[in-house]
Ligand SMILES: Cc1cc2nc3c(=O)[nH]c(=O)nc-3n(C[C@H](O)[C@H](O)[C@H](O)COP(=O)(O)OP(=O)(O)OC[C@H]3O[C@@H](n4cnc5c(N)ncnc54)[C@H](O)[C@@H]3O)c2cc1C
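Below sits a lone chain in structure tokens, taken as the form predicted on its own.
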Amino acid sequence: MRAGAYDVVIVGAGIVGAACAWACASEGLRVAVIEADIIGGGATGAGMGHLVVMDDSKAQFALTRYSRSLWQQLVTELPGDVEYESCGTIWVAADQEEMEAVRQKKEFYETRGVPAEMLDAKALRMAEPNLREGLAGGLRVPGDAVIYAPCAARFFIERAQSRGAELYLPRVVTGITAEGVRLNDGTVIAAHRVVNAAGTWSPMLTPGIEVKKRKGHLVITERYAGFVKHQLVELGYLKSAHSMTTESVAFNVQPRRTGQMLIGSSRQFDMEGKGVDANILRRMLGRAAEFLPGVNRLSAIRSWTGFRAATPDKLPLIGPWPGHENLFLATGHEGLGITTSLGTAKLLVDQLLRRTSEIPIAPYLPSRVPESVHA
């Protein structure tokens, strides 16, 4: 049995696939989206929803800054259930060594057009009174925000459908062929181009791509409005995020519009089970208490885990898969898929339409050779 043909079939309706569907449909392409579970499931549903400019590399900075600007342009169109909140981020410095990192970070951001403000110890306490005394200061990035990502993914899909995109749900793709995609019921959906946006499942559909599962834990609290006002992240988060082989925890707390807080974060490789690891959870909450002592008095209502699609150089794969002219990738975003979804969609559709992108595409092409692989 055959269905189609489409200009583009997108596999995966997480926030990246949903954004790609909207971008393609907005250009007049005939689009199909195929999702095995629910819209905004997987990593989208398990993440914190932080829209953040990150500077782990110049390429990461370029994509996160570009994508955050696209989110800012979209704010007035977002429905209320997306819960867009311009709370900003404070990168918390524990000591003077980390304050030097704050100074460098501020210079890097501001020379590239991203406003940032240094906070000394007193200013940090005024901004976030529940942080412990003795912290050296921090860097406030006021343009960062938080959202509820599953509803954003649904919004993108609805926008795509309003422009003619068709949704196949729940349907399982078992293979990508030169003709399009094959479903587990034998249906072939024909397409001129296929976009693999299946996150941690993407290597099963495109063998050979370097994407690994990275497990993370999150906790959500009862409602404690105003307990924290910004997304709070320790400077050491960047060190823990850099590791590709060890498990780690870091202080990362996010205020929600509901008055609740999301508490993270953890990273584990080579883990298959979805169960909550009591030891990791204890370490993660202990780390949070080192920065927010009062968190020990709060009530948590749920903890859960999710898997993120990580690449060796911590940059996503966006573009054509070498040797397969009809196959494009939009995967490997790890913890930044929510932030970079809109930027990824723009870069992808630019390549499909063979036009120049607003930022250089080379660092994200699947044909690149990541430095961490051959170093």
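For clarity, every value in this text was computed on a predicted model and none was experimentally measured. We number the residues from 1 along the sequence you see.
The same protein also has a form predicted together with the named molecule, omitted here; what follows describes it.
Within 4.5 Å of any heavy atom of the named molecule in the predicted complex lies no heavy atom of residue 66. Using a 4.5 Å cutoff between non-hydrogen atoms, residue 38 counts as a contact of the named molecule in the predicted complex. Although the partner is absent here, residue 316 is not a contact residue: none of its heavy atoms lies within 4.5 angstroms of the named molecule in the predicted complex. Although the partner is absent here, residue 321 sits far enough away that none of its heavy atoms falls within 4.5 Å of the named molecule in the predicted complex. Scanning 251, 201, 155, 84 against the named molecule in the predicted complex with a 4.5 Å heavy atom cut-off leaves one residue, 201. Contact with the named molecule in the predicted complex, defined as a heavy atom within 4.5 Å, holds for exactly one of 34, 349, 342, 329, namely 34. Only one listed stretch (293 to 301, 84 to 92, 201 to 209, 274 to 282) carries heavy atoms within 4.5 Å of the named molecule in the predicted complex, and that stretch is 201 to 209.
Contacts between stretch 16 to 52 and the named molecule, counted in the predicted complex as any heavy atom lying within 4.5 Å, involve 16, 17, 34, 35, 36, 37, 38, 41, 42, 43, 44, 46, 47, 48, 49, 50, listed in sequence order.
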